[in-house]
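In the block that follows, a single chain appears as structure tokens, in the form predicted on its own.
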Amino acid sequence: MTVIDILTRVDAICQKYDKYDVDKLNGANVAGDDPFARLYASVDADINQCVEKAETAKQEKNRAAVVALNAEIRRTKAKLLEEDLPKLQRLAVKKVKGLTREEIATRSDLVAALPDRIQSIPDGSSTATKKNGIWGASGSRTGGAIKFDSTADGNFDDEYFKGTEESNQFRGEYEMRRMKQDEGLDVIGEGLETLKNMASDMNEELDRQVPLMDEMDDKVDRANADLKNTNVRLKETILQLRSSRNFCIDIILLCVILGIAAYLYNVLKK
């Protein structure tokens, strides 16, 4: 086999596996209109940032900074797994103009490899020390605070569970904060109990007031009916009085007219 044949075969192999080059794939498509390329580039950048933050947290000596970095990593991992990864899975199988079947299959392979990349990023949680769902045969807490190694006979020694001064101080702070939280919860519980008792008393008082209100409604209804009956009788009485008065007035006017007529008759007769 000559050197030309070797170079030809190497070039063919490079062209065959060139489609698996993530950097080249991102560089070719991220600036275009391909949603998959843009989203995959964003996910890949987030994964790289998480890896950098994990390395920074590993070298950081400040506990608060480590906790903050691990929290950011966990939030980013949750976003990638719950939001971005399903979108990539849908876009990977979507047909795009100008892409061959092999390129679409390559996208599916790239998306399938993302969960392992994301889960492999250490975030300070207990699941970060697991691999394939099984604990390592010989593990220890980061920083050597608490050991979980077993002896040759398989029995655990008390020395392996003994914490350092830093872990004991952290445990003391944790217990103190938990006690304060318990005290605050007790105060809230007492306030809720007081509100419960007040609500119960108000409910009982309302139950006692309901019969009185019903009785008052009945009395008001009876008084309203009596008032209507009284108004009707009063109206009838007024009508009767008015008719009698009109009869008397008519009699008086008739007498006056007769008197005037008799006077005029006498005067004209003379």
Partner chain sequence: MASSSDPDKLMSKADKLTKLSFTRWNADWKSATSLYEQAAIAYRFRKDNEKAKDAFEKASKGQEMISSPWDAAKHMESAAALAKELGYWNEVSDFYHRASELYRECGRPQPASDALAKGASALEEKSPEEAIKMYDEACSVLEEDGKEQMAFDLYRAAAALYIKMEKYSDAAAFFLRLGSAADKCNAINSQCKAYLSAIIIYLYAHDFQQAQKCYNDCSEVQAFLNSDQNRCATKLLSAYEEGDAEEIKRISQSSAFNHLDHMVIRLARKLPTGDLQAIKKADDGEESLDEDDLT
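Positions refer to the first chain, counted from 1. Only a predicted model underlies this, so the values are computations on that prediction, with no experimental measurement involved.
From this point on, the text means the form predicted together with the partner chain, which you will not see here.
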Proximity of Asp182 to the partner chain in the model of the complex, heavy atoms at 4.5 Å: no
Partner contact for Asp218 in the model of the complex: the partner chain, 4.5 angstroms, heavy atom: no
Non-hydrogen atom contact Arg222 with the partner chain in the model of the complex at 4.5 angstroms: no
Contact flag, Glu190 vs the partner chain in the model of the complex, heavy atom cut 4.5 Å: yes
Single option in Leu227, Leu212, Leu239, Ala45 placed near the partner chain in the model of the complex, where near means a heavy atom within 4.5 Å: Leu212
Non-hydrogen atom within 4.5 angstroms of the partner chain in the model of the complex for each of Lys196, Ser200 and Glu204: yes
Partner-facing stretch of 230 to 238, 57 to 65, 34 to 42, 204 to 212, counted where any non-hydrogen atom is within 4.5 angstroms of the partner chain in the model of the complex: 204 to 212
